[in-house]
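Here you get one chain, nothing else, as C-alpha cells; it is the form predicted on its own.
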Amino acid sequence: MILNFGSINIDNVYQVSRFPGAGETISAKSLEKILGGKGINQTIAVQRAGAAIFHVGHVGKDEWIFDQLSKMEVDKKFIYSCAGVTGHAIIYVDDLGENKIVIHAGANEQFKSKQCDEILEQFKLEKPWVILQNEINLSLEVAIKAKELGFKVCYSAAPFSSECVNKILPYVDLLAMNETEMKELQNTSSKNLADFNVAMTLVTLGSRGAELYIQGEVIKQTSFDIKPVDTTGAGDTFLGSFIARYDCGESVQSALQYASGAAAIQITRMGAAPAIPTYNQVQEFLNVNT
C-alpha cells in the first residue's frame, strides 16, 4: 500500500507549433483544461498499475477538480478543500511533443504538520511507501515522520532545488530524477550518485529509457520506439508505474519494463493524468512489443 502526499493541479495545455522566443507572442493551436500535477499524476499511475494508494492533497473550492477525481476513481478521503486557488500549470506543447511548464503552487502549499502526522499514524502498522515531491510544502517534515514510523520514502526531486534535495536525502529510500535534475544535483553537491547513500535512485532519460542505481549496480531499461504527442507527465507515469509494480512484488527489472511500457503509451496521448494507461493496456502493449 502507498501514501502519496502530493500536488493536484489544473493543467492549462496550449498546443503550439514551436515555443516562443524572449519577448515574442505567438498563437496557440488549441487550449485544454486537464487534471494534472506531479502528485496526482503519480497517484493515478500507481492506481492504474494495480497497487492500492491513498492521495493526500489540497485544492481550492473547485468542484471541477473533485468531478475529475471521481471520474478517475481516486479515493478522496484525504483530499481537502481549502481557501485560495487550486494549484495550476501553464503548459506549452510543441509539434515534437516536447513541453515547457510554469506552475503556481496555490493550495498545494496548505499542508499542515498535525494533519500529516495524524494520517501517517493511521497507517503505521502497515508501514507503506510514502511518495513526496517538491510541489508541496512540508515534504521534509513528512519524510522525517514517515521514517520515524518505519515507512519507506520515495522522493521526486522536482521542481529541482539543491537545498531541498540535500536536506531530505537522509530520509529517502528511492530518489527519482530526470537526467537534467541528476546533473544539477551532482554539480551543486560535487558528488556522484553513489556518494548519496540512497538505497535506490531512478533516473529517467527521456527517449533513451531509464537507469536504476541499486546496491552498487546499474540496471538499464530501454525505451520503446514511439512518436510522442505530448511528453507532459511521462516521468510521473514511469515512477508511479514502477513503484506500484515493485510494491506488488514484481522484480526490479519487471517493474522497470512495465513502467517503460506505461510511459510509452502515455506520451502518445494529450495531457498528463487522463493519458495514463491501465494495467491491461500496458500488458497488451508489452505482449506485442517485447
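In case it trips you up, residue 1 is the first one in the sequence shown, and so on. All of these numbers come straight from a predicted model, not from anything done at the bench.
Below: the form predicted together with alpha-D-ribofuranose (RIB), not depicted.
- Query: Might V153 be said to contact alpha-D-ribofuranose (RIB) in the model of the complex, defining contact as any heavy atom within 4.5 Å?
  - Reply: Contact check for V153: no, nothing within 4.5 Å of alpha-D-ribofuranose (RIB) in the model of the complex.
- Task: Indicate whether A272 is a 4.5 Å heavy atom neighbour of alpha-D-ribofuranose (RIB) in the model of the complex.
- Result: Flag for A272 set to yes.
- Is G37 one of the residues lying within 4.5 Å of alpha-D-ribofuranose (RIB) in the model of the complex, judged by heavy atom distances? Yes.
- Could you confirm whether A89 comes within 4.5 Å of alpha-D-ribofuranose (RIB) in the model of the complex, counting heavy atoms only? A89: contacts alpha-D-ribofuranose (RIB) in the model of the complex.
- Message: I need to confirm a contact call. Of I101, L138, M72, L185, which residue comes within 4.5 Å of alpha-D-ribofuranose (RIB) in the model of the complex, counting heavy atoms only?
- Response: By the 4.5 Å criterion, the partner-contacting residue is I101.
- So which stretch, 252-260, 233-241, 55-63, 220-228, is the one near alpha-D-ribofuranose (RIB) in the model of the complex (non-hydrogen atoms, 4.5 Å)? Of the options given, it is 233-241.
- Query: What are the residues of 1-29, in order along the chain, with a heavy atom within 4.5 Å of alpha-D-ribofuranose (RIB) in the model of the complex?
  - Reply: Going through 1-29 in order - heavy atoms within 4.5 Å of alpha-D-ribofuranose (RIB) in the model of the complex - the hits are N9, D11.
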